[in-house]
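Single chain ahead, by itself, as structure tokens, in the form predicted alone.
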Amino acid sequence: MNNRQLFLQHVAQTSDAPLALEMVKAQGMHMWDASGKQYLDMIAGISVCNVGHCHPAVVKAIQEQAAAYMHLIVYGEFVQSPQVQYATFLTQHLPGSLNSVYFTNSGSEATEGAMKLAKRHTGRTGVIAFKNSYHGSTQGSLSIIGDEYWRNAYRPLLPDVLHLQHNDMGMLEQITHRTACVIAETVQAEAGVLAPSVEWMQALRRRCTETGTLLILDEIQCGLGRNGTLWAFEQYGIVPDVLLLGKALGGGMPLGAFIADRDIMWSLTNQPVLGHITTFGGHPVACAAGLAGMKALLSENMIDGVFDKEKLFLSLLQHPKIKAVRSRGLMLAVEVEDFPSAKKVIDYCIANGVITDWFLFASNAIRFVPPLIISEEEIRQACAILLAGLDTL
């Protein structure tokens, strides 16, 4: 049997039609398959590889840390330098109230930890989320994602969860003094890049403050520069009580985090002790990789060109078959008529060396979320192939 056959037989599948491309190398903006074919990566591992694939500084950090030590003990017991250094570096680039980092293995686990933190800190049970939101696939995070198609097969889920309409001022009054937390994506990613208004986000922040509700902002997909600023919430003039990070946080390694004020985070230390536990969360190799990746992101000024690159994309993505293009920095959704049309274009792009895909809650939209290092020439190349794909519709 070849690797593709073994993949289908022995690796648990998530759909009945996986792409099943066998990649053997990735570097910068590109991947290569087993036949030697080169692909331009326009999804960055779903917003993971912001600094590109196998950034030399990240690879070096992984090698050095792996040679020093890997897993030692469950999270939070030993002083592990990579965790300490990365937590410190993160908080140095965040508002003062976001000063305590709990590292997890993934964004979904960050969501789970943040919900527990909110309930423990406030003594309340109500959780409010938004329609067409995505926060992960575990049972708790599944309970708050905003689409019944994905939730229904796994009921019963968490009780006392209310889903409101995103970016709707009239819904905010449903946040009350029995609401433990409101959890929202700063920019709704899987909905096809839906950015709320500044006015709504500021009103949401005020309502949470008025009711003593923790505002949790999920920047798992849009954080670390993807929207043109280091943190997307900066563009709204607000600060969340809890920030969720993942995907790009590990520089290509698995890593997530929920970040809050130390006084809030301290709630997890007592009644019960060990109020949130993880064995591998904040793995030293992943933290070393993430720190190297974030330092590269900042020192190489990768964020500085994001808005100009967004403008170039928007100027090029013009075609009669495009119904809309929604963007927030280097997070773009190209909307077409329906899913069959989107899938035909996606397949055309992949066949012609451009990796793209669709969105969970916007299956009629094509995803362009490339590494932030993408060049002007590569943007033009990707758009030309996408437009040629649209010509086939």
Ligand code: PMP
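One-based numbering along the sequence shown. The structure displayed is predicted, hence computed values, not measured ones.
Although it is not shown, the form predicted in complex with this ligand is what the next lines describe.
Using a 4.5 angstroms threshold between heavy atoms, H135 counts as touching this ligand in the model of the complex. Proximity of N227 to this ligand in the model of the complex: non-hydrogen atoms within 4.5 Å are absent; the residue sits far from the partner. This ligand is not drawn, but in the model of the complex it has no heavy atom within 4.5 Å of I216. Contact between I220 and this ligand in the model of the complex is found at the 4.5 Å heavy atom cutoff.
Residue in contact with this ligand in the model of the complex (any heavy atom within 4.5 Å), chosen from G281, P240, G107, G113: G107. Note on the interface: of 292-300, 99-107, 272-280, 166-174, the segment with non-hydrogen atoms within 4.5 angstroms of this ligand in the model of the complex is 99-107. In the model of the complex, this ligand lies beyond 4.5 angstroms of every heavy atom of every residue of 145-163.
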